[in-house]
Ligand code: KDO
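Take a look at this single chain in structure tokens; it is the form predicted on its own.
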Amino acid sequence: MPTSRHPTRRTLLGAAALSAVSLPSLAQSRTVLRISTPAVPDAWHAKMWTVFKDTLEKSAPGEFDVQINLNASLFKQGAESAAMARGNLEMTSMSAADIAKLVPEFSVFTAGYMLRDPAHQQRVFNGTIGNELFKVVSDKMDVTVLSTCYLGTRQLNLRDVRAVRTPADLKGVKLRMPGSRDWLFLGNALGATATPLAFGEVYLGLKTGTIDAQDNPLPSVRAAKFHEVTRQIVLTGHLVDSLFIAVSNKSLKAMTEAQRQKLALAAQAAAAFNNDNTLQEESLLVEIFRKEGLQVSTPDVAAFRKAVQTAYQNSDYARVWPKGLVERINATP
């Protein structure tokens, strides 16, 4: 009996030791995906990352460790692409302005009144134009765009009520814009005085009068509670805004082909969730804001479009846009 018991004990001890080794190694084998975004928790483009995480966990259980960081808590807005290039970040959602810093031709999508509506946006980026430009993005920025998100159509949001019919009516208005020259150019083209300010500082800036106005899609206005410190919305519809879910090429290359496909499908599911909910909310918000006491007005959009397009046509931006690109965008049904 004693001799038969010792091998069993050794076997059990060996199995326990093996288990102790295998469990940490299994945890270490998971692919870490750190995500950084300035999005506030209530925004659809923040909530979409949970859809991304859940979809990926369902299709590839235990293979990925998805870490979601909202409110620019990991990297400041605009610093994500540099962090990805350094290997300090795996994923983010980049704006057209973020991309245009390193891919100048992409600035065509920071131009006012270039994309007509959300459906036009998706057709452009999911077609040959998107494929061609995303290839340039991959080559120059070392990141791969996985899907395109509709962030909403940007409108003006004013601290005080004023009559706004044409760009001339915005003269002297300190309009908050993100700090890149692309955004500032657009703000000035609208007739205002573009004022750079980080997203996280906009609420207080409106409340104290540091800025007179801000521009964002209506769902973002509600998510960030800007309607609490403003009195008017002007439906300029000056930019159909986009976000691009992107992953660093370094991370992508370390994955198997099956993992890459699952990652792409999860990003597409996240974008679809964001797009559907953003469109639905956007359609309801004008009336909601009216009921909450904000004045909602519609300006002479044709006058704004003409002024903004003329400003871009006479700028250095148009010089870096590939020949025929604007015509191809316009020709996309």
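Start at 1 and count along the sequence shown; that's the residue number. Keep in mind that this is a model prediction, so the values were computed, not measured.
The protein also exists as the form predicted in complex with the named molecule; that form is not presented, and the subsequent description refers to it.
**Study point:** Site test, Gln77, Ser220 and Leu243 vs the named molecule in the predicted bound form, non-hydrogen atom cutoff 4.5 Å
**Key:** Each of the three qualifies.
Check your understanding: Going by heavy atoms within 4.5 Å, which of 266-274, 33-41, 290-298, 59-67 lines up against the named molecule in the predicted bound form?
Key -> This holds for exactly one stretch, 33-41.
Exercise for review: Please pick, from Thr148, Thr230, Ser95, Thr236, the one residue with any non-hydrogen atom lying within 4.5 angstroms of the named molecule in the predicted bound form.
Suggested key: When the named molecule is considered in the predicted bound form, the option within 4.5 Å is Ser95.
Point to revise | Selected contact from Ser248, Thr110, Gln121, Asn216, since only one has a non-hydrogen atom within 4.5 angstroms of the named molecule in the predicted bound form | key: Exactly one residue meets the criterion: Asn216.
Exercise for review: Answer for Pro167 alone: is it within 4.5 Å of the named molecule in the predicted bound form, judged on heavy atom distances?
Suggested key: The answer is no: Pro167 has no heavy atom within 4.5 Å of the named molecule.
Exercise for review: Examine Arg154 and determine whether its closest non-hydrogen atom to the named molecule in the predicted bound form is within 4.5 angstroms.
Suggested key: Flag for Arg154 set to yes.
Practice item. Spell out, yes or no, whether the shortest heavy atom distance between Gly191 and the named molecule in the predicted bound form is within 4.5 Å. Key: Contact with the named molecule, no.
Exercise for review: Could you confirm whether Phe125 comes within 4.5 Å of the named molecule in the predicted bound form, counting heavy atoms only?
Suggested key: Because no heavy atom of Phe125 falls inside 4.5 Å of the named molecule in the predicted bound form, the answer is no.
Exercise for review: At a 4.5 angstroms cut-off on non-hydrogen atoms, which residues of 149-185 are near the named molecule in the predicted bound form? List them in order.
Suggested key: In sequence order, Leu151, Arg154, Arg176, Pro178, Trp183 come within 4.5 Å of the partner.
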